[in-house]
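One chain comes next, on its own, written out as structure tokens in the form predicted on its own.
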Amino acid sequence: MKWPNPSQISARAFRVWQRNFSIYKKNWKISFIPPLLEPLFYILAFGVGLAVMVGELIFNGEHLTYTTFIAPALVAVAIMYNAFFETTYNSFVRMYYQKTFDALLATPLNLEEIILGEILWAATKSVIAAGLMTVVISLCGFFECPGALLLIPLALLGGLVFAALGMICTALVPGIETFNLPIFLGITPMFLFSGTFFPLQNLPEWAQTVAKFLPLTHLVALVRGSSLQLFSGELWFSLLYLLVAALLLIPLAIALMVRRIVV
């Protein structure tokens, strides 16, 4: 496996982003509906149903309603889902079935730029989804400004991490049906055990240790801390974790995809 050379990548990668964005604009109404309605469904279900049973909880020394606690996690989960599924199913379809990558290679673009453009577009979808959800949840009174404004750069960073993870899966799976395995073994456990629906302190000590290695744990912590303005020193570690993960995973994803397509 050959590590990508930065000199092989130029601003032409944004042409891939531009191509995907042009397709997105044709179906933007369908794409806008889930981020607008999903938080309302969750808030209705948890705020009216489960929150009555749970009551208030203490998080970082603050008393929070259960709905207030999970609202930021909904945004973090949306960031993960939008980026990961874009570079798994959607990228695989463009690569294998639609032969979009082959068509792009007929242009001055090289393979490294195509893969990077795919990752950048997936991160952009995370930003769009996070922005829409933030507006809806803020109107419901669960987010506070100016902390909520930090969710946009956090969505970009988190989107890059999960887009790279998705692209790595695309490089490794033998067929589209095999995506069920990383989703079952990776995405679903993160969705459940990354501090999304309950504080990590409720887990056994060994499970807390495992959760600290999961990228969604750190994204949830950053989104929750920013949107609720519950800042702490631990958030700097979470930010560093995601930055390092992005810097490592993006080149790895490009290298693995080049190996898959070329070999």
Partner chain sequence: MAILEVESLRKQYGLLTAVDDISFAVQPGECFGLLGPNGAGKTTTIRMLYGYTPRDDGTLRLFDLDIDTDLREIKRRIGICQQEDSLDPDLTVRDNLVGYARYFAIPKGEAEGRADELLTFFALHSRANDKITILSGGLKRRLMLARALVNQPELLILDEPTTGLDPQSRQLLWEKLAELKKQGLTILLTTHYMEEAERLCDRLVIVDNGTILIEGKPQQLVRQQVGSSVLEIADPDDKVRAFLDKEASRVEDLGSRLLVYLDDGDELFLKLTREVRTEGCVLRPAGLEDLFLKLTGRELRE
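Residue numbers count along the first chain shown, from 1. Since we're looking at a predicted model, the values are computed, not measured.
Quick note: we don't show the form predicted together with its partner chain, though the next part is all about it.
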Checklist entry - For the chain shown here without its partner, which stretch in 68-76, 175-183, 108-116, 130-138 has non-hydrogen atoms within 4.5 angstroms of its partner chain in the model of the complex? => result 108-116
Checklist entry - How about Leu247: is it within 4.5 Å of its partner chain in the model of the complex, going by heavy atoms? => result no
Checklist entry - Is there a heavy atom of Asp102 no more than 4.5 Å from a heavy atom of its partner chain in the model of the complex? => result yes
Next on the checklist: Test of understanding: in the model of the complex, would Leu243 fall inside 4.5 Å of its partner chain by heavy atoms?
Outcome noted: no
Checklist entry - Looking in the model of the complex, any heavy atom of Gln98 within 4.5 Å of its partner chain? => result yes
Checklist entry - Even though its partner chain is not shown here, does it sit in the model of the complex so that Thr188, Gln201 and Gln208 each have a heavy atom within 4.5 Å? => result no
